[in-house]
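Two forms of a single protein chain come next, each set out by itself as structure tokens; they are called structure 1 and structure 2.
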Structure 1
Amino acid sequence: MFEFFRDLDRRWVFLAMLLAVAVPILAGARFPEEPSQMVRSVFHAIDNLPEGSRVLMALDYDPASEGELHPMAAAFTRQCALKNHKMYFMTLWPPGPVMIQKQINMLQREFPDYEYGIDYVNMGFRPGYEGPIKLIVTDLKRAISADVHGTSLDQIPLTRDLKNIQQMDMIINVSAGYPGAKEWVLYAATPYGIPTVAGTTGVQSPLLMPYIPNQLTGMLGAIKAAAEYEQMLIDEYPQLKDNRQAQEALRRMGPQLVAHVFLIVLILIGNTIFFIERRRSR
């Protein structure tokens, strides 16, 4: 057995890893998720808002991080729609409008009674990195005069009387880097006391931990937290149980879990072979 693993052609390992990922995908394998305390705090922060609250949806990511961040952006959007919150979409990233449009397509498909201009508005992309945040916290229409279709914000019912984002009940930011969650915390949440939650990539989340809970109410870190959030959303809103698109992160965790377990087994085998060989060489 020792010689078998020591001399095993690495191409068999690559093939085994391929199967470890492919089989759970093809079989639709899913594993139960237990929401962490952090996930619960984010969920309740949004869910406890009064019905019809104003929520700024800042989606600062691009297609490169869509696999990790889209499921949590969709979960946030669904939860806000289920609570009849008013959503104001915008992005600080040039590819961000595509990500916003996917959320709007989902709203139109799953919540046909949600009406543009009444229940949600798309304010599109604003260049200048964190510059737009510094403007819209005091004067929204100085930085954004029209929505993504070119309609003046003064003509849209949802934004007609909106002076700045201090009137928001919450900021929800989904962030892949700069500008993103850190800038929303530094220039909006902290100086003006606007409750803020975030969803981030795995590599970004440790950098934001010092802001929790005083400056950042809570945070979802990577696809694992997104899966836990989806599970909690399904538990609280059973009407989503048969919606496969509302379980995207849960579906993606299946192959990831199997691949990680397989990787751990390989590490254990490799280290065992190393120590046995070293002992024999003495």
Structure 2
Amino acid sequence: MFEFFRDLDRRWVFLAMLLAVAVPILAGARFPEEPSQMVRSVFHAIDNLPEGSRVLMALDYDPASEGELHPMAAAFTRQCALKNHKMYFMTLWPPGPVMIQKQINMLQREFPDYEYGIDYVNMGFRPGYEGPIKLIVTDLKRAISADVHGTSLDQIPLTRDLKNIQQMDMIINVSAGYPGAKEWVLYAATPYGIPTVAGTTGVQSPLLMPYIPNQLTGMLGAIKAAAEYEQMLIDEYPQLKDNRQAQEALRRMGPQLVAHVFLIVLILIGNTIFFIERRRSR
């Protein structure tokens, strides 16, 4: 047994990890989620805005982190739609427009009364990393003159009278790195006092903790927080209970649990081998 684990080919570890993730997905394993204080503060920050508030939806991520971030972006979009907030989508990442389009497809499917140009607008991608933030915070139309369809922002009812993003009631940023939540905090939220919440990957969230709660109202970190957020959304808006699309993060907690337990087992086995070998060498 000892020799088997000591000389274990790493391909067996890969296979076991594949099963640890695949089996809970195929079995549809689900676990109850209890929203943390942080998740509650993010939820209430959006929910307590008056109906029809202006919300900037900055989706700064790509397909690599879509598995982790799409559920929270979808949850934010759903919540804003349920509260009849006006949404302004934009991204600082080149692959971001497709991420925005997915939210818009969801809006068209689940909220058919939500009208483009009246209730939401897609301002697309802007190059220049944090550069566009610095500009739109004082003069939106100098950085973005038209939406993704090429229609001038002056012709769109939602953006016609919008001078800059200081007029936003909240910035919701879902980000996977640079440029992302940190840049929105540094160049928009902090200097101009715009309330901001973020959704980030697990790797990024510890880096943003120092900004909470003053510069950043709250943050969802990784798929666990997204699952708690979905649970809270379902609890507050029971019409989402039968919507499978609104429970993507909750479904992903099954494989996460098994994978985490599997990692712990691997670490324990590895250390057992290490200590046995050390004792034998003495």
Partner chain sequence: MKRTVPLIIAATTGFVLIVAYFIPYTETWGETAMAWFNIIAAVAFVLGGFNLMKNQLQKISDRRPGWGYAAVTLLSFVITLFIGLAKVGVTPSTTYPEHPWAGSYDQEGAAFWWLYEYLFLPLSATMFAMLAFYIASAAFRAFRAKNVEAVILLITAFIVLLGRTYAGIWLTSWVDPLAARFESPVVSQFIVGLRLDRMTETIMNVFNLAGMRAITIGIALGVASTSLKVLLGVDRSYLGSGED
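Just so we're on the same page, residue numbers count up from 1 along structure 1's sequence. Think of the rigid core as the biggest set of C-alphas that the two forms share within 1.5 Å after superposition. Residues that one form lacks are left out of the comparison. Predicted, not measured: the structure shown is a model, and the values here were computed from it.
- One chain, two forms displayed separately, with the form predicted on its own being the first of them, structure 1.
- Fitting C-alpha atoms of each rigid part between structures 1 and 2 shows the smaller part swung round by 18° relative to the larger.
- On rigid-core superposition between structures 1 and 2, the C-alpha of residue 7 is found to move 8.6 angstrom.
- Taking the core as the reference frame, the CA atom of residue 16 shifts 4.7 angstrom between structures 1 and 2.
- 1 to 23, 261 to 282 are the runs of three or more consecutive shared residues whose C-alphas all shift by 2 Å or more between structures 1 and 2 after the rigid core is superposed.
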